[in-house]
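Form predicted alone, single chain, as structure tokens, below.
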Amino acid sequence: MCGIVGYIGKRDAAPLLLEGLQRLEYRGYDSAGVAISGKSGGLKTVKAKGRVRDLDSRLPKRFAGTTGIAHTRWATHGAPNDVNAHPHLDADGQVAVVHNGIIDNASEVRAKLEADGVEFASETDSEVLAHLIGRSQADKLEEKVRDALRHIEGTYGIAVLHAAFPDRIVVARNGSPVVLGIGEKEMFVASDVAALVSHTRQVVTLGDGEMATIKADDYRTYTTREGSRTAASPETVEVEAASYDMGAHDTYMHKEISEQADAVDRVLRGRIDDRFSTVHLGGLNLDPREARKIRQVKILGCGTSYHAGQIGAGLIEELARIPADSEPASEFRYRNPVVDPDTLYIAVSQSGETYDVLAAVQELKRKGARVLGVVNVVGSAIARETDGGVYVHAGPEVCVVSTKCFTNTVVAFALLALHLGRIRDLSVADGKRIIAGLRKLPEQITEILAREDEIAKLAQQYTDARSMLFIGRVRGYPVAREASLKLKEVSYIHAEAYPASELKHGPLALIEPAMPTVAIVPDDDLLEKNRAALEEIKARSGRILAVAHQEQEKADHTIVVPKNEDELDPILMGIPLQLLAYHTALALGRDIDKPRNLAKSVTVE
């Protein structure tokens, strides 16, 4: 979850490293640090608790050096402070290491090193790497790093500097992303292409168990275990650097909410087949005969991706008539699940690097399962590990909380459900109906976004709440869960989602004027059931904000959204609730793009 940047070339490294850290700050913002291989020899290090701007303010005006590594941290081991910030040094100050991941056996390794007289400066697990590398008797830096990694269990993406080897940076990956950027007589390294695209669009993505040595005019990749060469070649990143800029918006969250009409248009583009009332998903690698043999679909994700998977499971059941459900990937892989050869598994991740999802994919593959990916980042670990899948084409998402990627992921599931349905029993007429609904989505999203001022005024009326209840039934329940999460993430107001049908079984005890309820009320066959739930809440003096296709008499306020096909309505009903969360947080003065305690890409367990 931390951000790593490295540079080697002819330019001063420090400004480039700081720029990269600012691009990666969504990956962690507890503390930051930089190490430079100085022109006069030795390593110079500056670290600071807080944001990248705090690090920048501490850097000396003259901090020369053309080789360096830097890090922005999301704390796992040890409090966020100057000492625990990366880079970490060995006892002699000759080795500097930045690390993303968790070393599972750090306590054991630390105890052995301390028994040998090593004194630790920090509380982190990462510092053991610096000491292990520094104590290695190998002649080459690559061998020193390999020696150290033989003692390590866990996940890592690392970059290493050594004062005795000023012409190189050595990097390694196991479970945490590492990307090389190929420049003109200069090289970059980062944990995300966001840090690189201002300078190069030629990248090499390391795989697990792979290392690399980068020099100003060359790079070499090889296996961590044996040191044998690997054939990693550069690929062109299609995203523009401007995609990571905030533009005219005050926050990335607002920018990304505003981009959703265009994003949905991208995920639909070139995929609709009017002739056969279906869609083309060429990356599935699943032929019709195989698709007809599927007896169950299991969707795995974390957080927002899990909620998107819940909506996706409903779409697959409705349109393809295949039993489907969604489960947190973190729970799935620890309960020794029964892996059925007739089950299609789908891994969902915005970054394509989410550790729990990736680990579940690897476990499923070991057991012979067919696994598809629904991811945003092309070439990511999950995209490479799976048998096929669907890219959601949301574009870069910088805000820690996901908005446009959630929406595009649900649309991608609608495409998948339509594809499977038309292979199986979905009629041509229903195929045409769903396609027509999909085509209306961008225009309807624009219509919802045009009502932002109205939603902002509504948000002002709920900023006094200490807790809020979100309810919905069937299609509306996952929307309620995701909306509840959004409010928690950015406003820090406690929120809980519950099926509206379960109110009588406990949650009604919470209803009072101080406990507002947000109700998802689509105009479908459960409309009257949902209205009955509003009656129950109003009878107990509860405040109600409804998201519906028409004004709701029992609600204090209603956000009216345009009607689409019943199956596609959840896509639209979530968008005004993203704006509600955003404007509530804005009114409360929250740090919207970087909520406390959170980071964007969860690449640790």
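What you see is a predicted model, and the numbers here were worked out from it, not measured in a lab. The numbering used is simple: start at 1 and walk along the sequence shown.
As for the form predicted together with a small molecule, it is not shown, yet the points below apply to it.
Checking 305, 100, 408, 72 against the small molecule in the predicted bound form, a heavy atom within 4.5 Å turns up for just one residue: 305. The listed set 459, 171, 400, 426 contains one residue whose heavy atoms approach the small molecule in the predicted bound form to within 4.5 Å, identified as 400. Although the partner is absent here, residue 351 sits close enough that one of its heavy atoms falls within 4.5 Å of the small molecule in the predicted bound form. The closest heavy atom approach of residue 192 to the small molecule in the predicted bound form falls outside 4.5 Å.
Heavy atoms of residue 489 reach within 4.5 Å of the small molecule in the predicted bound form, making it an interface residue.
Shown alone here, residue 383 lies farther than 4.5 Å from the small molecule in the predicted bound form, counting heavy atoms only. Annotated contact segment (heavy atom within 4.5 Å of the small molecule in the predicted bound form): 343-351, selected among 269-277, 449-457, 154-162, 343-351.
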